Ligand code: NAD
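Next comes just one chain, in structure tokens: the form predicted on its own.
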Amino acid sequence: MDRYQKFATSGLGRRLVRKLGLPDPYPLRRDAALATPVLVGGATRLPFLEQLLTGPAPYGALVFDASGIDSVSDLRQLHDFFHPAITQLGPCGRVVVIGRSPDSVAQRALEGFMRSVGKELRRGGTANLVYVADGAEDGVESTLRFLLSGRSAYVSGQVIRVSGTGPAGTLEGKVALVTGASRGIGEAIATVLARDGAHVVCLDVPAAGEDLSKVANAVGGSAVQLDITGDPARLTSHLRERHGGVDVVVHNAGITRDKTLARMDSGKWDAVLEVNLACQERVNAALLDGDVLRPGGRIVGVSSIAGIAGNYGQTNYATSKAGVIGMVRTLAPVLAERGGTINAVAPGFIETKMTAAVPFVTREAGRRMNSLSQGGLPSDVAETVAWFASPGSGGVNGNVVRVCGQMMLGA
């Protein structure tokens, strides 16, 4: 329980927060509805922007299509649009900037602008940047729907690249594999994918069998008790024989064995690298080589902020999670040739049983050191995974998106 957030939203707490300038963890909106009304500015080259419900202030979202910005002088358009409108953004408001390609001076500058805006927003607001490649305009709807809805509540300060288009549709009738599904973030991912129509194959080690069965029953899926560090042939055979293949694979299973490097024995190093990274490589290879992952399939890795910024006492864990990012970058062109995608989420401080056991001072620092001044929920990670897994996100490939409330670490 976040007792500080509960206090800060009370009558007395609100007064003290404002008077003393304390962290202000505004309650976040996490529903599926789009933030409206929307004020749209800029080039507006995207068909989806014309569908957005516009109206007078206060605004639910500010969307600026900066794809027409070609020079440093053109960047003034950002100030001209946002300066009068930013103070008219309502609670849990959304700011989305749309760019064309980061390969020019002016377009790369959009990243600094967006991240700074995200740190200036209050009352649960978020800001994100979407680079849309030429020809991919029809593939951005899934991404904009996610970013403009409450489902992206804990995603802020992120750069997303849309490089192509994808078919419309839902996960209805699809088969999704979620590893480490017996609790926490894995359970939330299984729940959200099932909500969106997928049959979820919930996988975890035999020791977690009882909890795993409960999750599988709750989501109407199936349970597989399996140690994924072994030969992946057993898993691929199960997916092929029971389900005819798999459409979505979420590599969520992971462990920690924390020690400073000087005190870490080789066993702790090897165990974390094996579970968090090496077995994922083997499973991916088996799925692709055996054509078990169906055409248009999705692979989603769960990385971590530790893999981006590092973390004290976690050289093994940070190495493995940075490796997940490398796996995404390496396999993205391979999946693209098959009409599929691979992406990763990188959670920051997420409220789970594991983080609840973290020492008080460390836990509070993790909660407050982000633009939203609070920890995220497992559902925040799950909703981001579901966006990656959606058929409409076929143009989103090779991305790593932090689910961290724009944590004040890394980039």
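Values in this document were obtained by computation on a predicted structure and should not be read as measured data. All residue numbers are counted from 1 along the displayed sequence.
One more form of this protein exists, namely the form predicted in complex with the named molecule; it is left out here, but the text below deals with it.
- For the residues S379, S373, S67, T352, the 4.5 Å heavy atom test against the named molecule in the predicted complex is passed only by T352.
- Comment: the named molecule is not present in this chain, but in the predicted complex one of T229, S101, Q77, Q88 has a heavy atom within 4.5 Å of it, namely T229.
- Remark: none of the three candidate residues (P37, L52 and S149) comes within 4.5 Å of the named molecule in the predicted complex, counting heavy atoms only.
- Remark: G139 does not count among the residues lining the named molecule in the predicted complex, judged by a heavy atom distance of 4.5 Å or less.
- Not displayed here, the named molecule is kept clear of F82 by more than 4.5 Å at the level of heavy atoms in the predicted complex.
- Proximity of G290 to the named molecule in the predicted complex: non-hydrogen atoms within 4.5 Å are absent; the residue sits far from the partner.
- By the criterion of a heavy atom within 4.5 Å, V275 is counted among the residues contacting the named molecule in the predicted complex.
- Picking from 329 to 337, 110 to 118, 192 to 200, 246 to 254 the stretch near the named molecule in the predicted complex, with a 4.5 Å limit on heavy atoms, gives 246 to 254.
- In the predicted complex, the named molecule lies beyond 4.5 angstroms of every heavy atom of every residue of 50 to 79.
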